Each structure stands twice: as structure tokens, then as C-alpha cells.
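Before any questions on binding or motion, here is one chain by itself as C-alpha cells, the form predicted alone.
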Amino acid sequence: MVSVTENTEQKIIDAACKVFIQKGMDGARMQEIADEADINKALLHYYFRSKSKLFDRVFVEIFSDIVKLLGEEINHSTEIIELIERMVNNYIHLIRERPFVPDFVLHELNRHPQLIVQQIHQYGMDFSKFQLLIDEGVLNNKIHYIQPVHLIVNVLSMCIFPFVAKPIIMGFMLNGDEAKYNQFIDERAGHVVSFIKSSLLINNPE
């Protein structure tokens, strides 16, 4: 059975997540979070003494889901192209469901970059697996060689930027049309995978 303490704490985290999404870290107020959680401000401060500590907790919960997802894709993939396809499709889907995540991550990178590194290590993301899969692909004459760090940065940036730059993409390139932006996001995973495959595969069937 879930205790009252656990229920209250989760209510606060859920409420804080909503407020942080709407207002950002700097714009959010503890009273707003307390109101959203339907508790008084004193009780909120009993669980979380500061807005910064509450933000850190919310961030850890959100970011841990991303790291666990990517870690599972890395651990279960047997070829580099398979890994890229799974990473791109699942990562874009996750961010689409939680479009506030990139802003959260960028904010926390400026505040506590080491916290993100700790989260990645904690959930067992194996960076060396990229090197292993790349080496196997090169050895089997399937792909051109690329340094793992460049491959990862290429993939993540192509997935994240469309969400971070939504105001520019939708407002300037798509004439403010939300439906066109959503269609663009629908097409994004396929485009990113195709782009990466065309640069990596020696004999690209597409």
C-alpha cells in the first residue's frame, strides 16, 4: 500500500512538473505549486525546502526516464543502424509526449551539469557499445567509420533541435501553422534515420 507521505510527495512532484512546464524554473512560484497540488505552502516546504530542490527532483524523475530508454536501446541493439533507428524513433516519440524536456535539460546543464552525468552513469548507459557496433559495421564492410561522439551528437541534435526551435520553425518556416509543424514532427524520425543511413552505409538501398 502506498503511504500518505508517498502520495503527497508524488502529488507535489506532478504539480511542480506542470507549473515548471508552464512558467519555467525562474517564473514558477512555490505558492502556485502548492495550489496545483491542493496543499498549503507550509506542507510543500516540509517536503521540499526550496524551489531549486524541488526542480532538481522533478528533473531527476524526468531525465531518468530518458536515460533508461536510451540505455535499453543501446543494450539490446546488435547493429549500429538498428540502434540508430530505435534511438531516433523512441527519442522523438518521448520528446513529443514531453516537449518541455529539452528546456529542462538545457536549464539543468547550466546549473548542475554534473547531475546529468551522474544520471547517465547511474542508469548504466554504455557509451563503449557505440564504438563496438561501429567497429563491427566497419569490419563487415557495411558502414563508413565515424567517431562515436560525432555520431551521437549528430543524432541527438537532429532529434532535439526541432523541439527547441519550434517558434522559429513554425513561426518563420511554416507560417505559424501548427498542423504543418505537427506533420513536420511526424516526418522527422524517418528523415533523421534516412539521413544518418545515407551518411553511414556503404551500399545504401534507399
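Each residue number is its position in the shown sequence, starting from 1. Just so we're clear, the structure is a prediction, and the values are computed from it rather than from any experiment. By rigid core we mean the largest C-alpha set that fits within 1.5 Å across both forms.
Not on display, but discussed next: the form predicted in complex with another copy of the chain.
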item: Residue among 138, 62, 69, 169 with a heavy atom within 4.5 Å of another copy of the chain in the predicted bound form; value: 169
item: Non-hydrogen atom contact residue 198 with another copy of the chain in the predicted bound form at 4.5 angstroms; value: yes
item: Contact of residue 182 with another copy of the chain in the predicted bound form (heavy atom, 4.5 Å); value: no
item: Proximity of residue 111 to another copy of the chain in the predicted bound form, heavy atoms at 4.5 Å; value: yes
item: Residue 14, heavy atom within 4.5 angstroms of another copy of the chain in the predicted bound form; value: no
item: Sequence-ordered list of residues in 17 to 46 near another copy of the chain in the predicted bound form, where near means a heavy atom within 4.5 Å; value: 22, 23, 26, 27
item: Large Cα shift (2 Å or above) at residue 21 between this form and the one not shown, core-fitted; value: yes
